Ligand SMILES: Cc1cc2nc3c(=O)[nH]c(=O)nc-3n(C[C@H](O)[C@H](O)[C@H](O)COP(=O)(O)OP(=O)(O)OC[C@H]3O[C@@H](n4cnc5c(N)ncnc54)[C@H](O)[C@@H]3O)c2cc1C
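In structure tokens, one chain follows: the form predicted on its own.
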């Protein structure tokens, strides 16, 4: 079978892969770009996420990536020439504080966020209930809230990027699995289920599948797959605005514009690549949902799903060039969807130029796991 060639090969057509491809095209270098994905459109992590995007993080690096990303989401319809937009519901994240200690932690985070230009604030229980009257008041001593947070349709986001990069001349192929990467002189050959592809530069954006792909090249990645479980209810009106978060339970609740309510619970589970909900998921997820929003206890659950997401020891991404020249990695550590506009730009810079001056590229490199210079994010849900 003959070997195809391209200048830049991107493995993974999720949020990171397609965003990087778009930004590479924006640089207008004339580089040929090919994107390969083992699944169908939106079939993996991005298409299975809870759709939330937030500036409410605890670290300056995380806040900076999200400040840039949310600004892009706000302007995505125009920048990507995608009439109708990406269904950006920008009505805030409300992080519910169960006790005074948690509220104090939220206050410290809000002060840090405010210093970086994030318009977050602390809400009293009365203010929170005015925004979402259906909330259980017994759970509230207050809340942290940022009106610029919200949700984006993962499917519309991927569709907008896909259409834009194809218009720019990039080739995107679904149903094509990369089985092995090999060095060949100054290039890298990707062996795939549809034949070999040779490229001067390869960007891997497969998240939890990356360790197996890069291990034969001597690259050890501290990445595991964590099952991410979710459910969605039948539609109900009226629609409440903010996304609701209970950090102590890893609970995220979002009512979609059409009225359906999505609930996601992140919890400690055996690390695997499961795509099936665990047996105790529905009682747990539905129980936390009803405890938080008792007025919606009558709603029917119409679907539940599970998909692996990537995690790292400090729950931060791994970004940059690997020890193999021309090989680059962008692993999201579970928040790739929301940070994809900013990270796509950074990876385009480092792939095309070999460097980037952005502090996230220096901080989120692979070497930190060898030196022990981890950067744990305190506001992980």
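Numbering follows the first chain given and starts at 1. Predicted, not measured: the structure shown is a model, and the values here were computed from it.
What comes next is about the form predicted in complex with the named molecule, which is not displayed.
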- Task: Among 138-146, 232-240, 176-184, 283-291, mark the stretch whose residues have heavy atoms within 4.5 Å of the named molecule in the model of the complex.
- Result: 176-184
- Listed residue that, although the named molecule is not shown, lies within 4.5 Å of it in the model of the complex (heavy atoms), from 38, 324, 61, 352: 38
- Message: I need to confirm a contact call. Of 209, 253, 214, 190, which residue comes within 4.5 Å of the named molecule in the model of the complex, counting heavy atoms only?
- Response: 209
- Query: Does every residue of 51, 228 and 309 put a non-hydrogen atom within 4.5 angstroms of the named molecule in the model of the complex?
  - Reply: yes
- State yes or no: in the model of the complex, is some non-hydrogen atom of residue 94 no more than 4.5 angstroms from a non-hydrogen atom of the named molecule? no
- Item | Non-hydrogen atom contact residue 337 with the named molecule in the model of the complex at 4.5 angstroms | yes
- Message: Taking the named molecule as it sits in the model of the complex, is residue 245 near enough to touch it, meaning that at least one heavy atom pair lies within 4.5 angstroms?
- Response: no
- Although the named molecule is absent from this view, report whether residue 205 comes within 4.5 Å of it in the model of the complex, heavy atoms only. yes
- Task: For the heavy atom contacts within 4.5 Å of the named molecule in the model of the complex, list the residues of 2-24 involved, in sequence order.
- Result: 11, 12, 13, 14, 15, 16, 17
